[in-house]
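Just the one chain here, the form predicted on its own, laid out as structure tokens.
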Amino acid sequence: MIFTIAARELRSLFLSPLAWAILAVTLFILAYLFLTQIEAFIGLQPRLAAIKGAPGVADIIVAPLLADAAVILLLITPLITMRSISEERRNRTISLLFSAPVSMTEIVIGKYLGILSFFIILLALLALMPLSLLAGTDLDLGKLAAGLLGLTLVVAAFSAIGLYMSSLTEQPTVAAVTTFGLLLLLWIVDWAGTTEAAGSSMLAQLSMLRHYEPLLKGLFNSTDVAYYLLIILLFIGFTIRRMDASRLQH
């Protein structure tokens, strides 16, 4: 039943012109950034050749591309998740979900997997860009894999937060704005971690960016992975509790 709900959610996304527009515009922007990084790398090649242990393709092209992709995903995730539950509330079809012979856990996880599947498709298309570099240069596949893993964890956490915010309101616009606000806060809270104020270290550990950067450098740390998994489980749990509470009220 979870996969049935996930397939229904994914199908409803692709029936919307918004999802197609977001997919097309996002890939266009990322392709432009990718070509820009290639041009910069070509310009740096003469100087890099004279440096022992100079940064490679993965450091100069792939890492900046994936870093930019995370920021773009921060902007578009609220637009994808905003309608997942709030639209059901606004259209008064939420009662059909509540009356279905399935648990709230199955419904929430199914919707979450449907949203995540959309982003997995986007990331798969994005991955083709750096992989195309294999045709003409040496590419550190380990760093690419670590970066893609980090980006997948980032967007998975974004989706879990967006789904929860969508469960709190029947207005998709409100869900989108509040999701963006919370995601931005969790992204830039690292700025407070750069000061010498008391507690700055703890704030830095809450930053999504701080846990994403090591993966971009090809450094796999179980702490960083655990951080994202904790956020995912936490907000999915919040969503299930919220939906259970709403079901009792009907």
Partner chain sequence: MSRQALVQVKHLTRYYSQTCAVNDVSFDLARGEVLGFLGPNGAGKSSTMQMISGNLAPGAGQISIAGIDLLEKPKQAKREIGYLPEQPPLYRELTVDEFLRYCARLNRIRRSHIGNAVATAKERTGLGDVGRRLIDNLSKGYQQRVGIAQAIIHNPAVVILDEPTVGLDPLQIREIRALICELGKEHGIILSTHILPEVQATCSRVQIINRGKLVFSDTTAGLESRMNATALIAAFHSAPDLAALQQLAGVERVEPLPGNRVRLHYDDSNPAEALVEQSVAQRWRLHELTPEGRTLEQIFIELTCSEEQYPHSGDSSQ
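Just so it is clear, the model here is predicted, and its values are computed rather than measured. Positions refer to the first chain, counted from 1.
One more form of this protein exists, namely the form predicted together with the partner chain; it is left out here, but the text below deals with it.
- Contact with the partner chain in the model of the complex, judged as any non-hydrogen atom within 4.5 angstroms, is confined among 173-181, 103-111, 74-82, 153-161 to 103-111.
- Proximity to the partner chain in the model of the complex, defined as a heavy atom within 4.5 Å, holds among Met129, Leu97, Leu139, Leu148 only for Leu97.
- Among residues of the shown chain, Leu233 is not one whose heavy atoms approach the partner chain to within 4.5 Å in the model of the complex.
- Within 4.5 Å of some heavy atom of the partner chain in the model of the complex lies at least one heavy atom of Leu15.
- Looking at 1-16, the residues that come within 4.5 Å of the partner chain in the model of the complex, counting any heavy atom, are Met1, Thr4, Ile5, Arg8, Arg11, Ser12, Leu15.
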